[in-house]
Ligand SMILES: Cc1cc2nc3c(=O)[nH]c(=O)nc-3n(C[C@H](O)[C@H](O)[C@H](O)COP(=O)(O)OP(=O)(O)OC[C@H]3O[C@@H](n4cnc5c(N)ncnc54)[C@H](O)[C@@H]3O)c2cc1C
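One chain comes next, on its own, written as structure tokens: the form predicted alone.
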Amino acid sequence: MVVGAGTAGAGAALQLARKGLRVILLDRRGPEAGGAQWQNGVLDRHFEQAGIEPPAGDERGGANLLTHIVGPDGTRAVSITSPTVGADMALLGRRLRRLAAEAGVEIVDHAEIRSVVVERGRVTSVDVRVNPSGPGVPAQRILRAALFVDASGRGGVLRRHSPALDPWCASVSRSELCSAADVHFEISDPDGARRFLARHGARPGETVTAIGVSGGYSTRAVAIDADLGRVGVLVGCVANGRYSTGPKMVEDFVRSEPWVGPRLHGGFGVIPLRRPYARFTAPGLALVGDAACQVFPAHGSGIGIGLIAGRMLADAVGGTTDPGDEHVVWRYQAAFQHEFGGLLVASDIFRRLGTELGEEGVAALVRSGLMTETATEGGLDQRWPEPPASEVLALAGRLVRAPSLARRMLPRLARGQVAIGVGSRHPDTVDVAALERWDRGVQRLLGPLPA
């Protein structure tokens, strides 16, 4: 049983069915409302690694667009060709549900988990109320499964019932959440849009991304179509109450730019930014997607990694007599941490640095020239950037000329480099004591959470 029919849940259900397992996929919403309903930047290579066709046709938005990165005061940082492509998440979600159904998955919408039964530490059944036709008398079902997959998002509707997982999966703090929004508008004044682009040295069809506009960890990407007919505004900031919110950031931008016309469509959400939980499997239970915090913290993207996690889970449990056996699902956890754990810890260290720098620190970072094309492209491509030798000497000189930034950045960058290798040291087999030691080492690398 997979709970949550967003992209991570529908993807996991598809992968498990491909392995010959009998799968049921539940969602509390209707078939057109599951998962994110906005556009997101994704990487084709993540889809290929997950064994799923990358977005195409109407599902696919702009690809390889020239992106101009500017600081909070408008100072130009770098201009790069982004490795990401736009994806309509609603259409992607519908495709994954269709593929899952074609693979034999039973999909049940409007399903509410009423209670969870745990026997000898293992989740064994759930009490589900189903109301497929809206108001009326709901149907009640008791569903048993060998393996439950929690893909219900950061709330984790199943994980908090597991005695093994509950101590490892604390609720994500507000300082580790991103309030994000992506909204698209008509352009009512093309000349005004041209003037906005010209201020940043950009042309129609390109994106202007301002960083540090609402706290050190924040962004506002404005993508204006080549025909000057539409504009997309993608924003995000830390959701700790000290800054703005995604919807408010969009509202403020539209108010300041009168060339932006009527709203077409969009959505908003709150995304976990912390590194993945050290443990996200237990007897009879595995987490995927936001429920496991499988997100690239540096910019809050988890679509591709969540799809890959679904394939890793299916690879671990396929062909076994008991797919929920603790030793079986631990293999999935270990494989994920070995491949992505170190990268995501390093990304979390970088994300915390941005929060610590604040708006003034980010502006100083841009003015210093320390935000290079290599670093920016690496972040967008969800990998740890490794500058070429020709760039290292120039960076060293810039750090010498910016001692206050150097004092903050160098220790974090050093810890990030060490963190890259930490995932490979995650225990291969069930060993809670070894996992506790591993987790303490990761926490030392992260350091305290910035205020």
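Just so you know, these numbers come straight off a predicted model, no measurement behind them. Heads up: residue numbers just count along the shown sequence, starting at 1.
Beyond what is shown, the protein has a form predicted in complex with this ligand; the following relates to that form.
Chemist: Determine which one of 360-368, 187-195, 264-272, 339-347 lies within 4.5 Å of this ligand in the model of the complex, judging by heavy atom distances; exactly one does.
Modeler: Only one stretch qualifies here: 264-272.
Chemist: Let me know the one among 45, 425, 398, 29 whose heavy atoms come within 4.5 Å of this ligand in the model of the complex, would you?
Modeler: Of the listed residues, the single hit is 29.
Chemist: Name the single residue among 249, 234, 298, 314 that comes within 4.5 Å of this ligand in the model of the complex, judging by heavy atoms.
Modeler: Spelling it out, the residue with a heavy atom inside the cut-off is 234.
Chemist: Quick check on residue 36: any heavy atom within 4.5 Å of this ligand in the model of the complex?
Modeler: Close contact exists here: in the model of the complex, residue 36 approaches this ligand to within 4.5 Å, heavy atoms only.
Chemist: Does at least one non-hydrogen atom of residue 1 fall within 4.5 angstroms of this ligand in the model of the complex?
Modeler: No - in the model of the complex, heavy atoms of residue 1 and this ligand never come within 4.5 Å of each other.
Chemist: Within a 4.5 Å heavy atom cut-off, is residue 216 in contact with this ligand in the model of the complex?
Modeler: No - in the model of the complex, heavy atoms of residue 216 and this ligand never come within 4.5 Å of each other.
Chemist: Decide whether residue 116 counts as a contact residue for this ligand in the model of the complex under a heavy atom distance cut-off of 4.5 Å.
Modeler: It does not: once this ligand is placed as it appears in the model of the complex, residue 116 has no heavy atom within 4.5 Å of it.
Chemist: Identify whether this ligand in the model of the complex is within 4.5 Å of every residue in the set 12, 16 and 309, based on non-hydrogen atoms.
Modeler: Contact check failed for every one of 12, 16 and 309.
Chemist: Do any residues of 169-195 have a non-hydrogen atom within 4.5 angstroms of this ligand in the model of the complex? If so, which ones, in sequence order?
Modeler: Sequence-ordered list: 180, 181, 182.
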